[in-house]
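As a starting point, one isolated chain is supplied in structure tokens, in the form predicted on its own.
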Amino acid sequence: MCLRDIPKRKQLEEQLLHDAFHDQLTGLPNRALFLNRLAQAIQRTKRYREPSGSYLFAVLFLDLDRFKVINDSLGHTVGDQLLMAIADRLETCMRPGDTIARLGGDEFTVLLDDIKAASDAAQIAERIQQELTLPFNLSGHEVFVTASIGIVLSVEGEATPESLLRNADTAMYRAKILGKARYALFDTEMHTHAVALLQLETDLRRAIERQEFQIYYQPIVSLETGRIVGFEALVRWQHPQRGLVSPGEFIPLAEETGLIIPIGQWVLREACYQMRAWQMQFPRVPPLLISVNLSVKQFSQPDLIEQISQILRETGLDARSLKLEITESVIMEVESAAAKLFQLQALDIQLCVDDFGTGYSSLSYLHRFPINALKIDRSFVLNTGVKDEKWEIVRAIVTLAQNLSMDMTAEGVEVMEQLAQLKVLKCKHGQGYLFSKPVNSEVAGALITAHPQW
């Protein structure tokens, strides 16, 4: 080898070493280098324990809020420009000796070295939040962005770089749950909750395979005749160890993980089978109807119309006996919502907006989309006295439905006074514990047989 080649080779080796430990886009340290420096900080905590002295550090885990929207709307080039600009801004917030790293995507971490107290970490987090309130000018676009930040403090014991990073990540997710654009300090309860959530997700996946789900049916009653005209199908989870798990606990997790799609398909199929069986056992004119909820992720499925058509063919249920309940967010967030709603209408399936009155203020979709019915959210009826001002909201919604020739169901009916008031307002249908709580298919069948009247 020529002597003149040695400097080039050394330069190449240094470049390769740099690239191995730095992010190519921003030039910041990457995960490997960050974990290395975090390991060094952990060693310092062991070296400077009392009484000889003390050493405290903090890890910040930063995730941009709604970065995907910027990427999707303005393109990946602008997205990359934003990440580089954020890296520059973060560096202005740091002290000498602190380490900023990009883990990947829109995730950044910060190692705050040798701080005096937790308040120091909080001040840095607030400084970052303040710096991010200023707009970014990228390729002619003015972009605003916020971040959720998790903070974990160094602790004595057997902490590892990976566990500290995981805890900071857990705290960051808590900040997002609390409303984004804020920071949260890690505590042991967060870890306990995260572990429990992971176990619940594992159990939820197994529940699909083991067929642990059940459908409960809540009657929908005509307020004109006082008779049952249909049921809403509500999924329940019979956990082998925990017993009946609240939908409020597992439905959000099913939504987040995408498990709501196979669960929702199963619910729709089973509910249609059950309603067809009841119609054959209890022939009526008009026949009983079944209402089934569709989530945003279910509604977003490209083959949704074919899925529903196939289920109707399998079960033999007339499409006119099926009512699909969707929230306002489904209509407003799903790009192909209009086309799918008109396709469902063409099948003669009824369409109902669930939890009406709690979502978007714009009502233009009621004119543009083929909506058959509105369902007044239970919050406007539940625990409402005769003179409560909430009845004015109910009156307005009922009037709106009547003017648009739509059906109307009020949820949360629990006492006779509420029923009487809804009758005065000429609300068409009611649902709630006054009539019946959600019950299994056997009890629901007994209700149909009893033919009660309220």
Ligand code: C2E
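For every residue, the number given is its place in the sequence shown, counted from 1. Because the structure is a prediction, the values reported are computed rather than measured.
We do not show the form predicted in complex with the ligand, though everything after this point is about it.
The stretch in contact with the ligand in the model of the complex, judged by heavy atoms within 4.5 Å, is 246-254, chosen from 306-314, 246-254, 79-87, 128-136. A heavy atom within 4.5 Å of the ligand in the model of the complex is found for exactly one of 115, 267, 352, 165: 267.
Though the ligand is absent from this view, in the model of the complex it lies within 4.5 Å of a heavy atom of just one residue from 236, 284, 191, 206, which is 236. In the model of the complex, no heavy atom of residue 109 sits within 4.5 Å of the ligand. Proximity of residue 378 to the ligand in the model of the complex falls within the 4.5 Å heavy atom cutoff. Heavy atoms of residue 413 reach within 4.5 Å of the ligand in the model of the complex, making it an interface residue. Within this chain, residue 259 is remote from the site of the ligand in the model of the complex, having no heavy atom within 4.5 Å. Relative to the ligand in the model of the complex, residues 21, 28 and 150 are all farther than 4.5 Å at every heavy atom. Of the residues in 291-308, those that come within 4.5 Å of the ligand in the model of the complex through at least one heavy atom are, in sequence order, 293, 294, 295, 298.
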